[in-house]
Ligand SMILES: Nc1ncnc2c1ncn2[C@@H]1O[C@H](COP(=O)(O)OP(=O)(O)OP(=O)(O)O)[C@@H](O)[C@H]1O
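Next up: just one chain, as C-alpha coordinates, the form predicted alone.
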Amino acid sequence: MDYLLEMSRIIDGAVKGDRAKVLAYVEQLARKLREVGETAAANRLVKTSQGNKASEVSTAETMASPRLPVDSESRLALADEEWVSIGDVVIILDRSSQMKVEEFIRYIKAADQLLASQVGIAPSMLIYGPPGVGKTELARYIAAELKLPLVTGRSDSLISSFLGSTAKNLRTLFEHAKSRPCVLFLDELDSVAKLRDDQHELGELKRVVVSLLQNIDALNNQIVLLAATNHHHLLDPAVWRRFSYKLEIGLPDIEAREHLFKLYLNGYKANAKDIKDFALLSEQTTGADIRQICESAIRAAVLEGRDTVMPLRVFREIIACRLGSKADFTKDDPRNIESVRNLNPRVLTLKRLAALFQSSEPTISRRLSPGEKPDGKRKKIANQSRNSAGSRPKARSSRRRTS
(Lines give C-alpha, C1' and ligand atoms only; values in the text may rest on other atoms or scores of the structure.)
Protein backbone atom coordinates (compact mmCIF):
# COMPACT_ATOMS: atom_id res chain seq x y z
CA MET A 1 0.00 0.00 0.00
CA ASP A 2 1.36 3.39 -1.02
CA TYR A 3 1.94 6.10 1.59
CA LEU A 4 1.40 3.68 4.52
CA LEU A 5 4.44 5.05 6.30
CA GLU A 6 3.18 8.66 6.22
CA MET A 7 -0.34 7.62 7.20
CA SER A 8 0.91 5.63 10.19
CA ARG A 9 3.03 8.60 11.34
CA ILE A 10 0.06 10.96 11.00
CA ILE A 11 -2.13 8.66 13.05
CA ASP A 12 0.61 8.23 15.66
CA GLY A 13 0.97 12.00 15.99
CA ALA A 14 -2.78 12.47 16.24
CA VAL A 15 -3.14 9.82 18.95
CA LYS A 16 -0.35 11.41 20.97
CA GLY A 17 -1.68 14.92 20.42
CA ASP A 18 1.50 15.95 18.58
CA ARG A 19 0.19 18.52 16.10
CA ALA A 20 3.67 19.39 14.81
CA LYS A 21 4.29 15.77 13.88
CA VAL A 22 0.92 15.47 12.16
CA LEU A 23 1.56 18.58 10.07
CA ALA A 24 5.11 17.50 9.19
CA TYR A 25 4.00 14.12 7.83
CA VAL A 26 0.96 15.61 6.11
CA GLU A 27 3.38 17.90 4.29
CA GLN A 28 5.53 14.95 3.27
CA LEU A 29 2.49 13.03 2.06
CA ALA A 30 1.32 16.08 0.09
CA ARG A 31 4.73 16.38 -1.54
CA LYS A 32 4.66 12.74 -2.63
CA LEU A 33 1.15 13.18 -4.03
CA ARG A 34 2.27 16.19 -6.08
CA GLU A 35 5.19 14.16 -7.48
CA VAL A 36 2.73 11.66 -8.96
CA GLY A 37 0.40 14.36 -10.31
CA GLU A 38 -2.21 14.32 -7.51
CA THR A 39 -1.98 18.09 -6.96
CA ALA A 40 -5.65 18.60 -6.06
CA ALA A 41 -5.55 15.84 -3.44
CA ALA A 42 -2.33 17.27 -2.01
CA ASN A 43 -3.79 20.76 -1.73
CA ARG A 44 -6.96 19.40 -0.11
CA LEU A 45 -4.90 17.44 2.41
CA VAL A 46 -2.80 20.45 3.37
CA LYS A 47 -5.83 22.75 3.58
CA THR A 48 -7.62 20.29 5.86
CA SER A 49 -4.59 19.88 8.16
CA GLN A 50 -4.08 23.62 8.47
CA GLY A 51 -7.76 24.38 8.92
CA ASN A 52 -7.79 27.32 6.52
CA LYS A 53 -9.76 28.14 3.37
CA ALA A 54 -6.85 28.77 1.07
CA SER A 55 -7.39 27.08 -2.26
CA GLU A 56 -3.71 26.76 -3.12
CA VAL A 57 -0.78 26.13 -0.83
CA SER A 58 2.69 26.28 -2.31
CA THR A 59 5.23 23.58 -1.67
CA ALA A 60 7.66 26.10 -0.19
CA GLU A 61 5.05 27.24 2.33
CA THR A 62 3.99 23.75 3.33
CA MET A 63 7.56 22.52 3.71
CA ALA A 64 8.67 25.26 6.12
CA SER A 65 11.07 23.66 8.58
CA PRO A 66 10.32 23.61 12.29
CA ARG A 67 12.68 25.47 14.56
CA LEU A 68 15.80 23.52 15.47
CA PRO A 69 16.30 22.64 19.17
CA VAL A 70 18.85 24.57 21.24
CA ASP A 71 20.96 23.93 24.32
CA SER A 72 19.11 25.26 27.38
CA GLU A 73 22.28 26.79 28.85
CA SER A 74 24.19 28.26 25.89
CA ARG A 75 21.15 28.67 23.56
CA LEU A 76 23.27 27.26 20.74
CA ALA A 77 21.53 25.14 18.11
CA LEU A 78 21.92 21.42 18.71
CA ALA A 79 21.84 20.66 14.99
CA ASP A 80 22.21 22.08 11.51
CA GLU A 81 19.68 21.46 8.76
CA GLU A 82 20.29 21.17 5.04
CA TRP A 83 18.14 20.31 2.04
CA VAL A 84 20.29 18.60 -0.59
CA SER A 85 18.98 18.20 -4.13
CA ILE A 86 19.70 15.15 -6.24
CA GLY A 87 22.75 15.92 -8.36
CA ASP A 88 24.18 18.44 -5.89
CA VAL A 89 26.41 15.79 -4.37
CA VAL A 90 28.31 12.99 -6.09
CA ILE A 91 29.88 10.07 -4.27
CA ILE A 92 32.56 7.80 -5.70
CA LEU A 93 32.85 4.49 -3.88
CA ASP A 94 34.15 1.04 -4.69
CA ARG A 95 31.59 -1.30 -6.23
CA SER A 96 30.86 -3.21 -3.01
CA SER A 97 30.23 -0.06 -0.97
CA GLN A 98 28.12 1.48 -3.73
CA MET A 99 25.91 -1.62 -3.85
CA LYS A 100 25.45 -1.50 -0.10
CA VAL A 101 24.40 2.16 -0.20
CA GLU A 102 21.95 1.51 -3.03
CA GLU A 103 20.47 -1.42 -1.11
CA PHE A 104 20.03 0.79 1.97
CA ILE A 105 18.21 3.45 -0.06
CA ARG A 106 15.96 0.88 -1.75
CA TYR A 107 15.23 -0.62 1.66
CA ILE A 108 13.99 2.72 3.01
CA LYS A 109 12.02 3.55 -0.14
CA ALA A 110 10.25 0.19 0.18
CA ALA A 111 9.06 1.02 3.72
CA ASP A 112 5.39 1.11 2.64
CA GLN A 113 5.54 -2.39 1.16
CA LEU A 114 7.49 -3.75 4.11
CA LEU A 115 5.03 -2.32 6.62
CA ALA A 116 2.09 -3.62 4.60
CA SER A 117 3.72 -7.06 4.73
CA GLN A 118 4.12 -6.68 8.50
CA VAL A 119 7.89 -6.62 8.16
CA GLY A 120 9.66 -4.23 10.50
CA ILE A 121 12.20 -1.73 9.21
CA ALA A 122 15.39 -0.48 10.86
CA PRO A 123 16.60 2.44 8.74
CA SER A 124 19.99 3.05 10.35
CA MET A 125 23.55 3.00 9.05
CA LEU A 126 26.92 3.46 10.76
CA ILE A 127 29.62 4.83 8.42
CA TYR A 128 33.24 4.61 9.52
CA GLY A 129 36.68 5.19 8.05
CA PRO A 130 39.60 7.65 8.12
CA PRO A 131 39.00 11.41 7.86
CA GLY A 132 38.34 12.83 4.41
CA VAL A 133 37.02 9.70 2.69
CA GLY A 134 33.50 11.10 2.19
CA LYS A 135 31.40 10.00 5.17
CA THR A 136 29.60 13.33 5.46
CA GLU A 137 29.13 13.54 1.69
CA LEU A 138 27.58 10.08 1.77
CA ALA A 139 25.09 11.23 4.41
CA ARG A 140 24.18 14.20 2.20
CA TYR A 141 23.81 11.89 -0.80
CA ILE A 142 21.45 9.55 1.06
CA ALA A 143 19.32 12.48 2.26
CA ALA A 144 19.12 13.81 -1.30
CA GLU A 145 18.09 10.42 -2.70
CA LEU A 146 15.37 10.11 -0.04
CA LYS A 147 14.26 13.74 -0.63
CA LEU A 148 14.47 14.47 3.08
CA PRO A 149 16.21 17.23 5.03
CA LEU A 150 19.52 16.30 6.65
CA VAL A 151 19.57 17.21 10.35
CA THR A 152 23.16 17.01 11.58
CA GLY A 153 23.79 16.92 15.33
CA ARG A 154 26.45 19.40 16.44
CA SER A 155 28.91 17.77 18.83
CA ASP A 156 30.19 21.13 20.06
CA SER A 157 26.76 22.12 21.42
CA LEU A 158 25.42 18.64 22.26
CA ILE A 159 28.24 18.03 24.74
CA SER A 160 27.78 20.26 27.77
CA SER A 161 29.97 20.88 30.80
CA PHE A 162 26.88 20.89 33.02
CA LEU A 163 26.04 17.65 34.77
CA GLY A 164 23.27 15.81 32.95
CA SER A 165 22.90 18.42 30.21
CA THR A 166 24.51 16.31 27.47
CA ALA A 167 22.01 13.49 27.96
CA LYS A 168 19.21 16.06 28.01
CA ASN A 169 20.47 17.60 24.76
CA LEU A 170 20.56 14.19 23.11
CA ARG A 171 16.96 13.53 24.08
CA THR A 172 15.88 16.94 22.81
CA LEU A 173 17.57 16.31 19.46
CA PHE A 174 16.01 12.87 19.06
CA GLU A 175 12.54 14.15 20.01
CA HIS A 176 12.88 16.85 17.38
CA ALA A 177 13.89 14.28 14.75
CA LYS A 178 10.95 12.03 15.63
CA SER A 179 8.49 14.88 15.14
CA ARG A 180 9.16 15.27 11.42
CA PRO A 181 10.35 13.44 8.30
CA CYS A 182 14.13 13.80 8.19
CA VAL A 183 17.48 12.05 8.14
CA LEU A 184 19.20 12.44 11.52
CA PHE A 185 22.98 12.40 11.13
CA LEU A 186 25.25 11.99 14.15
CA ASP A 187 28.70 13.00 12.97
CA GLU A 188 31.74 12.27 15.17
CA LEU A 189 29.70 9.59 16.93
CA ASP A 190 32.65 8.57 19.11
CA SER A 191 32.32 11.86 21.01
CA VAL A 192 29.12 10.57 22.66
CA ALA A 193 29.43 6.78 22.22
CA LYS A 194 32.78 5.75 23.67
CA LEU A 195 33.44 2.43 25.36
CA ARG A 196 31.94 2.39 28.83
CA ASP A 197 34.85 0.36 30.19
CA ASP A 198 37.36 3.08 29.28
CA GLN A 199 38.99 3.91 32.63
CA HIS A 200 40.06 7.32 31.37
CA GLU A 201 36.47 8.51 30.90
CA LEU A 202 34.38 10.13 33.60
CA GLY A 203 31.15 8.64 34.87
CA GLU A 204 29.16 11.43 33.25
CA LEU A 205 30.32 10.45 29.76
CA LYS A 206 29.47 6.82 30.46
CA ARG A 207 25.94 7.89 31.34
CA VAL A 208 25.79 9.74 28.03
CA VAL A 209 26.32 6.43 26.22
CA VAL A 210 23.39 4.91 28.09
CA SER A 211 21.26 7.92 27.17
CA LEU A 212 22.25 7.57 23.51
CA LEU A 213 21.30 3.89 23.48
CA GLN A 214 17.94 4.61 25.07
CA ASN A 215 17.18 7.36 22.56
CA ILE A 216 18.06 5.12 19.61
CA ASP A 217 15.83 2.38 20.99
CA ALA A 218 12.99 4.87 21.47
CA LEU A 219 13.08 5.83 17.78
CA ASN A 220 11.00 2.76 16.99
CA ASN A 221 12.21 2.99 13.37
CA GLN A 222 10.44 6.33 12.92
CA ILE A 223 13.35 8.16 11.29
CA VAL A 224 16.37 7.42 9.15
CA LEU A 225 19.41 7.44 11.44
CA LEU A 226 22.94 7.85 10.09
CA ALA A 227 26.12 8.10 12.13
CA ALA A 228 29.79 8.53 11.23
CA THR A 229 33.07 8.16 13.07
CA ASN A 230 36.79 8.29 12.35
CA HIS A 231 37.51 6.13 15.42
CA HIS A 232 35.25 3.11 15.22
CA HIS A 233 37.49 1.18 17.63
CA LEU A 234 36.42 3.57 20.41
CA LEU A 235 32.70 2.85 20.05
CA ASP A 236 30.83 0.90 22.69
CA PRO A 237 29.80 -2.57 21.38
CA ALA A 238 26.18 -1.87 22.30
CA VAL A 239 26.22 1.11 19.93
CA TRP A 240 27.37 -1.10 17.06
CA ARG A 241 24.42 -3.41 17.60
CA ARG A 242 21.92 -0.53 17.23
CA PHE A 243 22.74 -0.05 13.54
CA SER A 244 21.27 -2.44 10.98
CA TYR A 245 23.77 -1.40 8.28
CA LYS A 246 27.50 -0.84 8.80
CA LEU A 247 29.68 0.56 6.04
CA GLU A 248 33.44 1.02 6.11
CA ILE A 249 34.84 3.54 3.64
CA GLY A 250 38.56 3.26 2.98
CA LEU A 251 41.01 5.30 0.95
CA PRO A 252 40.03 5.53 -2.74
CA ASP A 253 41.67 3.05 -5.10
CA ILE A 254 43.33 4.15 -8.34
CA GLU A 255 40.08 3.93 -10.33
CA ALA A 256 38.23 6.05 -7.77
CA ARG A 257 41.07 8.58 -7.68
CA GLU A 258 40.93 8.91 -11.46
CA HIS A 259 37.18 9.59 -11.26
CA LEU A 260 37.76 12.14 -8.51
CA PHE A 261 40.33 14.08 -10.55
CA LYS A 262 37.95 14.12 -13.53
CA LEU A 263 35.12 15.29 -11.27
CA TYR A 264 36.99 18.09 -9.48
CA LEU A 265 38.90 19.32 -12.54
CA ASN A 266 35.71 19.56 -14.59
CA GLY A 267 35.88 22.68 -16.74
CA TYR A 268 39.67 22.88 -16.31
CA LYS A 269 40.42 19.52 -17.84
CA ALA A 270 43.84 17.96 -18.17
CA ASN A 271 44.46 15.32 -20.81
CA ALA A 272 43.71 11.66 -20.14
CA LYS A 273 47.38 10.70 -19.74
CA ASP A 274 47.93 13.38 -17.08
CA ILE A 275 44.74 12.35 -15.25
CA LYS A 276 45.99 8.76 -15.09
CA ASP A 277 49.37 9.95 -13.80
CA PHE A 278 47.66 12.12 -11.18
CA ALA A 279 45.79 9.04 -9.99
CA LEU A 280 48.98 6.95 -9.88
CA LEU A 281 50.91 9.57 -7.93
CA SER A 282 48.11 10.33 -5.44
CA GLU A 283 48.25 6.95 -3.71
CA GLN A 284 47.32 7.10 0.01
CA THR A 285 45.35 10.34 -0.42
CA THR A 286 41.69 10.84 0.47
CA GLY A 287 38.85 12.27 -1.58
CA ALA A 288 39.10 15.47 0.46
CA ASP A 289 42.83 15.70 -0.33
CA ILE A 290 42.17 15.33 -4.05
CA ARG A 291 39.48 17.99 -3.92
CA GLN A 292 41.89 20.45 -2.25
CA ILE A 293 44.61 19.60 -4.78
CA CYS A 294 42.29 20.30 -7.70
CA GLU A 295 40.87 23.49 -6.19
CA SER A 296 44.37 24.83 -5.60
CA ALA A 297 45.36 24.08 -9.21
CA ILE A 298 42.16 25.68 -10.53
CA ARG A 299 42.70 28.74 -8.33
CA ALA A 300 46.18 29.17 -9.81
CA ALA A 301 44.78 28.84 -13.34
CA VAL A 302 42.13 31.49 -12.69
CA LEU A 303 44.66 33.92 -11.23
CA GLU A 304 46.95 33.40 -14.22
CA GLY A 305 44.10 33.90 -16.70
CA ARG A 306 44.16 30.35 -18.10
CA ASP A 307 41.21 28.08 -18.81
CA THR A 308 43.11 24.86 -18.14
CA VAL A 309 45.16 23.70 -15.18
CA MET A 310 48.90 23.24 -15.48
CA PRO A 311 49.75 19.55 -14.93
CA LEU A 312 53.00 20.56 -13.23
CA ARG A 313 51.01 22.51 -10.64
CA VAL A 314 48.83 19.46 -9.92
CA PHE A 315 51.91 17.25 -9.52
CA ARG A 316 53.40 19.73 -7.06
CA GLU A 317 50.16 19.86 -5.06
CA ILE A 318 50.00 16.04 -4.90
CA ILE A 319 53.62 15.80 -3.76
CA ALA A 320 53.08 18.54 -1.16
CA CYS A 321 50.01 16.68 0.11
CA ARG A 322 51.92 13.42 0.49
CA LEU A 323 55.22 14.78 1.83
CA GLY A 324 53.95 17.78 3.79
CA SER A 325 56.75 20.08 4.92
CA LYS A 326 59.34 17.76 3.35
CA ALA A 327 58.28 18.87 -0.14
CA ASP A 328 60.66 21.71 -1.01
CA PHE A 329 61.09 22.36 -4.73
CA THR A 330 63.65 25.13 -4.14
CA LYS A 331 66.29 22.63 -3.01
CA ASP A 332 67.66 20.18 -5.54
CA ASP A 333 69.88 18.32 -3.08
CA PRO A 334 70.03 14.52 -3.60
CA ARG A 335 68.02 13.61 -0.50
CA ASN A 336 65.18 15.95 -1.41
CA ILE A 337 65.02 14.71 -5.01
CA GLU A 338 65.17 11.10 -3.84
CA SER A 339 62.25 11.58 -1.43
CA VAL A 340 60.12 13.09 -4.20
CA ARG A 341 60.93 10.52 -6.87
CA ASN A 342 60.40 7.61 -4.48
CA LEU A 343 56.70 8.52 -4.37
CA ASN A 344 56.37 6.99 -7.84
CA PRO A 345 59.43 6.67 -10.11
CA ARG A 346 57.20 5.64 -13.01
CA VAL A 347 55.36 8.97 -12.97
CA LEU A 348 58.18 11.21 -11.74
CA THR A 349 60.57 10.81 -14.64
CA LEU A 350 63.79 12.79 -14.96
CA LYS A 351 62.01 15.20 -17.26
CA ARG A 352 59.25 15.85 -14.74
CA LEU A 353 61.69 16.09 -11.86
CA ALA A 354 63.71 18.65 -13.79
CA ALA A 355 60.55 20.70 -14.40
CA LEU A 356 59.44 20.39 -10.76
CA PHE A 357 62.80 21.56 -9.41
CA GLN A 358 63.32 24.08 -12.24
CA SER A 359 66.57 22.40 -13.17
CA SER A 360 67.99 20.38 -16.06
CA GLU A 361 67.84 16.66 -16.61
CA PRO A 362 71.65 16.23 -16.42
CA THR A 363 71.69 18.11 -13.11
CA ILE A 364 68.88 15.98 -11.68
CA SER A 365 70.68 12.87 -12.96
CA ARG A 366 73.89 13.85 -11.15
CA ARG A 367 71.96 14.46 -7.95
CA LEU A 368 70.38 11.02 -7.96
CA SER A 369 72.10 7.94 -6.56
CA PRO A 370 73.90 5.67 -9.06
CA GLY A 371 70.97 3.25 -9.09
CA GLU A 372 68.73 6.05 -10.32
CA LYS A 373 70.90 7.11 -13.31
CA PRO A 374 69.10 7.33 -16.67
CA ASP A 375 68.88 4.12 -18.65
CA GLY A 376 71.39 5.29 -21.28
CA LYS A 377 74.03 6.14 -18.71
CA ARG A 378 73.43 2.90 -16.82
CA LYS A 379 74.05 0.97 -20.06
CA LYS A 380 77.21 2.97 -20.75
CA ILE A 381 78.55 2.30 -17.26
CA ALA A 382 77.66 -1.38 -17.55
CA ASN A 383 79.45 -1.66 -20.93
CA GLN A 384 82.54 0.05 -19.53
CA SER A 385 82.53 -2.37 -16.61
CA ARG A 386 82.28 -5.39 -18.95
CA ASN A 387 85.06 -4.09 -21.22
CA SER A 388 87.26 -3.46 -18.24
CA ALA A 389 86.53 -6.88 -16.82
CA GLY A 390 87.21 -8.49 -20.20
CA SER A 391 90.56 -6.74 -20.69
CA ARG A 392 92.05 -7.69 -17.35
CA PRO A 393 92.19 -11.46 -18.01
CA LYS A 394 93.92 -10.77 -21.37
CA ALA A 395 96.53 -8.70 -19.60
CA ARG A 396 97.15 -11.51 -17.13
CA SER A 397 97.48 -14.13 -19.89
CA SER A 398 99.95 -11.84 -21.69
CA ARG A 399 102.11 -11.67 -18.59
CA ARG A 400 102.06 -15.47 -18.33
CA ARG A 401 103.33 -15.82 -21.93
CA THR A 402 106.12 -13.29 -21.26
CA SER A 403 107.26 -15.09 -18.19
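Nothing here was measured: the structure is a model prediction, and the numbers come from that model. The numbering used is simple: start at 1 and walk along the sequence shown.
Unshown form predicted together with this ligand; subsequent notes refer to it.
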Among the candidates 272, 90, 238, 76, the residue which, in the predicted bound form, approaches this ligand to within 4.5 Å (heavy atoms): 90
Position in contact with this ligand when the complex is considered in the predicted bound form, options 288, 210, 218, 122, heavy atoms within 4.5 Å: 288
Segment assignment from 260-268, 320-328, 297-305, 144-152: heavy atom within 4.5 Å of this ligand in the predicted bound form: 260-268
Contact test in the predicted bound form: residue 230 vs this ligand, heavy atoms, 4.5 Å: yes
Residue contact check: residue 180 to this ligand in the predicted bound form, 4.5 Å heavy atom: no
Residue 131, heavy atom within 4.5 angstroms of this ligand in the predicted bound form: yes
Residue 137, heavy atom within 4.5 angstroms of this ligand in the predicted bound form: yes
In the predicted bound form: members of 300-323 within 4.5 Å of this ligand, any heavy atom: none
